[in-house]
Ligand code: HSE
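For reference, the chain that follows is the form predicted on its own, supplied as structure tokens.
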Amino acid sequence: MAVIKAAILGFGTVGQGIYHILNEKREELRQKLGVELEVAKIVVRDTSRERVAGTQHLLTDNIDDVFAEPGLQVVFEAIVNEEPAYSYLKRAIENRCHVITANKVMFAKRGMELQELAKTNGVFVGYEATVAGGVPIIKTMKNILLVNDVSRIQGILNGTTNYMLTKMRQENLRYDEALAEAQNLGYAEADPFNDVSGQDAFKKLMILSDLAFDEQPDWSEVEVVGIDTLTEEDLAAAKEQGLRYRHVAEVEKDASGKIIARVAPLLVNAEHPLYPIDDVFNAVAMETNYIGTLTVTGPGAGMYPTASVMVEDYAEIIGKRAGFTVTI
């Protein structure tokens, strides 16, 4: 049986989730794909700390060790910032490795570039995990776009802010109380700026814009408003009227062909597809010419939702190379 060697770049929550799923699903993946997957290297900053038992021999802090590994074919990337993630993935593609990423910050800016490079080198780029965690929005959109045109996308793309707005509405919590609860539960970082300001949702929206329209709006023209602009009075007034605030990221192509985007709190009524989406769930509503409005929803973050879609990307890539379709 053929052996496929893989590397995991970054071994935090998502990286560990990838490792666990690959091990737990090893036999099933072997039967469905007809190959054996071997994690050959794991790149970390501190090799002295074994995060998962039995992985010490796989750890390295030198990316050169990864590309020196004979037979390396797949690179899973779960690093936080644009660099060194972009440089690592560019090098992986140039070494004719398939790459699978969860890095929305990097991919929003450099994703199209990486995909073009991948085409040149005959490899694939999996990026389902860059948007909405466990929600299969990238696969869904790719399938829809084979026949349909998407004219508008509206999404709840950040589970932290959705959780906070849910608690503020249901339990009348103040903004600071809802944030503290989200942090205690691990939904929000110690520094929650990217979530509550809308920057996290904005990066994800730009990835969806690339996919739907083959371009992004001028970033400087996109209004990005956080949920910290909402007051307790705003939420109370909305509740009395049977309305709900959602932190919505939206992008559309206007009649002139210009791409327009915005991220901001939006009041929605019970008829709106994002109205029932509560807690840490994400959702994306797409307006299409043939299907109409289609909404996809699911958990937006976490070790296993994010890691599982990365492993699914791997299965899809290997399935394409072998000429068949795989679901896990």
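Don't overthink the numbering: it's just position in the shown sequence, from 1. All values reported here derive from a predicted model rather than from experimental measurement. Here, rigid core means the biggest group of C-alpha atoms that superpose within 1.5 Å across both forms.
Heads up, the form predicted together with L-homoserine (HSE) isn't pictured, but that's what we're talking about next.
- Scanning Ile153, Leu114, Ala188, Leu243 against L-homoserine (HSE) in the predicted bound form with a 4.5 Å heavy atom cut-off leaves one residue, Ala188.
- Considering L-homoserine (HSE) in the predicted bound form, the lone stretch of 137 to 145, 218 to 226, 245 to 253, 200 to 208 in range is 200 to 208 [heavy atom distance within 4.5 Å].
- The closest heavy atom approach of Thr101 to L-homoserine (HSE) in the predicted bound form falls outside 4.5 Å.
- By the criterion of a heavy atom within 4.5 Å, Asp195 is counted among the residues contacting L-homoserine (HSE) in the predicted bound form.
- Contact annotation: Gly159 falls within 4.5 Å of L-homoserine (HSE) in the predicted bound form, judged by heavy atom distances.
- Of all the residues from 272 to 300, the single one having a non-hydrogen atom no more than 4.5 Å from L-homoserine (HSE) in the predicted bound form is Gly300.
- The two forms, fitted on the rigid core, differ between the shown form and the other one by 2 Å or more at the CA of Ala182.
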